[in-house]
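Coming up is one lone chain in structure tokens, specifically the form predicted alone.
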Amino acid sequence: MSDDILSVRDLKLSVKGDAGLAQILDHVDFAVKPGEVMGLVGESGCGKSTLIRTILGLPPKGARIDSGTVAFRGRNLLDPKEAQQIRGREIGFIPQDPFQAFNPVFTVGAQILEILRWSGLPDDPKGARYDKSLRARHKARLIEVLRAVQIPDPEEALDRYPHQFSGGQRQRILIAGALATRPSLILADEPTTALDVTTQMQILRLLRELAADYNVAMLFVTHDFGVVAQICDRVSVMYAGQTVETGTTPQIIDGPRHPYTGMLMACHPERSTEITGIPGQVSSPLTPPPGCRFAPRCPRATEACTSARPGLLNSRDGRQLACVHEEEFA
């Protein structure tokens, strides 16, 4: 039996809209192990946020699962009833924007306690009525995690409104909310994008420490390899809805083998003395190219690249790679 806490296998998803059928995810394949921080990397428009929503059991309106599985400890997350039982309890979520995540007319304490009210804690008495005793228990747990994420005076902070906190403090409170139910997996959708560089560094360090202290696995969505280097154990690279390469962080950063991964790495400011980019743009999911979706932008592309979608192969160094030229990089 697999020891993966999260397993996404051969996932293909399309969304029907006014313009036609958009093929958003095309056989996405990766897994996250207990206690591991897995980075999910790719350009904007590659399907990362759609993938996160699908894992949470909240796919976009009009979405259709064409093939594949999404499993949490063997339980089917594509089943809405199963996902509802797991989401918010065993799987926590840290959204991207700390400024839009809270309702401005309620205190942060009231909003996060609502999460605990409906999700509960693993050791809550089963069938217990939500009374003052249970609410006090949940409040004590919330104060505990607020202290863990370094919110000053957490007891007093519960009675404050979102606008009374800085962006970095709001993000810490969102992290506390994700940890409050004692999940074993957290999905973090670019949680540092809206923050300044100094605050971003603090949040990344905090997330890494909390993942280790609480033994929580994390799927960390980002487009920044600098962030990947600081927090991730392994990395899965996506392009236009396809998984193109998966490996350890040192493998991906120090020796990328898929052409897209290499060109993406070359765009990082620390890797180049000039402003650089990848020619062309991500293909439209309404009219994706045949075969490898990166082929129209790839300098190594041949006729074989467009004849069929390359499968994700296990490489000799332990990584997975989707490229018809795999033998050239072995």
Partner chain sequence: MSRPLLETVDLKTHYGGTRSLLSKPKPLVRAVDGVSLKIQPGEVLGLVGESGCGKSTIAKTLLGLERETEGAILLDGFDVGGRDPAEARKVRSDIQYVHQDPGAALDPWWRVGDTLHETLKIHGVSDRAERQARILEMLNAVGLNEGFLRRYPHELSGGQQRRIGLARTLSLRPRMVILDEPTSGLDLSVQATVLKLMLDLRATYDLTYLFISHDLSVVERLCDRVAIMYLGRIVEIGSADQVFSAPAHPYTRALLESAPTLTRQDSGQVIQGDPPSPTRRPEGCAFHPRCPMAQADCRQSVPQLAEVSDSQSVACPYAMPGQVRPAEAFAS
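Positions refer to the first chain, counted from 1. No experiment lies behind these values; they were computed from the predicted model shown.
There is another form of the same protein, the form predicted in complex with its partner chain; it is not shown, and what comes next is about it.
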Quiz item: Quick one: which of 178 to 186, 219 to 227, 110 to 118, 84 to 92 gets within 4.5 Å of its partner chain in the predicted bound form, going by heavy atoms?
Solution: 219 to 227
Quiz item: Considering 44, 67, 287, 302, which brings a non-hydrogen atom within 4.5 Å of its partner chain in the predicted bound form?
Solution: 44
Exercise. Consider the chain as shown here, without its partner, and state which of 248, 76, 96, 199 has a heavy atom within 4.5 Å of its partner chain in the predicted bound form.
Key: 199
Quiz item: Would residue 63 show up as a contact with its partner chain in the predicted bound form if we use heavy atoms at 4.5 Å?
Solution: no
Quiz item: According to a 4.5 angstroms non-hydrogen atom cut-off, is residue 158 in contact with its partner chain in the predicted bound form?
Solution: no
Quiz item: Going by a heavy atom distance of 4.5 Å, is residue 31 a contact of its partner chain in the predicted bound form?
Solution: no
Practice problem: Could you confirm whether residue 297 comes within 4.5 Å of its partner chain in the predicted bound form, counting heavy atoms only? | Solution: yes
Self-check item: All of 49, 58 and 138 within 4.5 Å of its partner chain in the predicted bound form, heavy atom check
Solution: no
Self-check item: Members of 230 to 255 lying within 4.5 angstroms of its partner chain, judged by heavy atom, in the predicted bound form
Solution: 230, 231, 232, 233, 253
